[in-house]
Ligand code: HEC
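Below you will find one chain, with nothing else, as structure tokens; this is the form predicted on its own, and questions on how it binds or moves follow later.
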């Protein structure tokens, strides 16, 4: 049993390092002027204006599903209101992608891939990367299909980052689903570890080594 617990712990630590905190991976560092850092972190003061700027400059291609902000073509689609009456303002991802497949595919044909939903981009990339990429996309990622719509507008860009920070947490129902999936995954690893340990003990016993 001790071996099983040890093996499970090592496995969980491995996946944590691989997915969440891989200190072997190279990480780019991006500079962000202090005055814009203050704006990006001040969600209370700037998130509302940041949302308006996002809708004006980014919504043509990007959605923020956690905040029920969908790409412009979907936002104008009559089906959206009907679906929101059934599922709530924040549509389940599978429903959103299935019903509005044509809208998303049109973006894919234009840009080579569907521009990502930005609900959790703040947690993934951080404010410095988002600020620099939104301001000068080609400088951060040469060859990207992201248009430079915010170039020369650093203060407004910082406000958009503040908005993205404000919506980075999933809605309660989706957060509960993720917690359940996490607990289920850990339980699966523990159960499989126990079964492997029992099977190993049985094999060793048959071989006369236990």
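Not measured: the values here are computed from a predicted model. Residue numbers count along the first chain shown, from 1.
In what follows, reference is made to the form predicted together with this ligand, a form of this protein that is not presented.
Just to confirm, residue 111 within 4.5 Å of this ligand in the predicted complex by heavy atoms?
-> Residue 111 belongs to the contact set for this ligand.
Answer yes if any heavy atom of residue 144 is within 4.5 Å of a heavy atom of this ligand in the predicted complex; otherwise answer no.
-> Contact with this ligand, yes.
Is residue 118 close enough to touch this ligand in the predicted complex, meaning at least one heavy atom pair within 4.5 Å?
-> Yes, residue 118 is a contact residue.
Does this ligand come within 4.5 Å of any heavy atom of residue 166 in the predicted complex?
-> Outside the cut-off, so no.
Just one of 65-73, 52-60, 39-47, 181-189 has residues with a heavy atom within 4.5 Å of this ligand in the predicted complex, so point it out.
-> In the other structure, the partner sits against 52-60.
Full three-residue contact with this ligand in the predicted complex, heavy atom 4.5 Å, for 125, 130 and 149 = Yes, all three are in contact.
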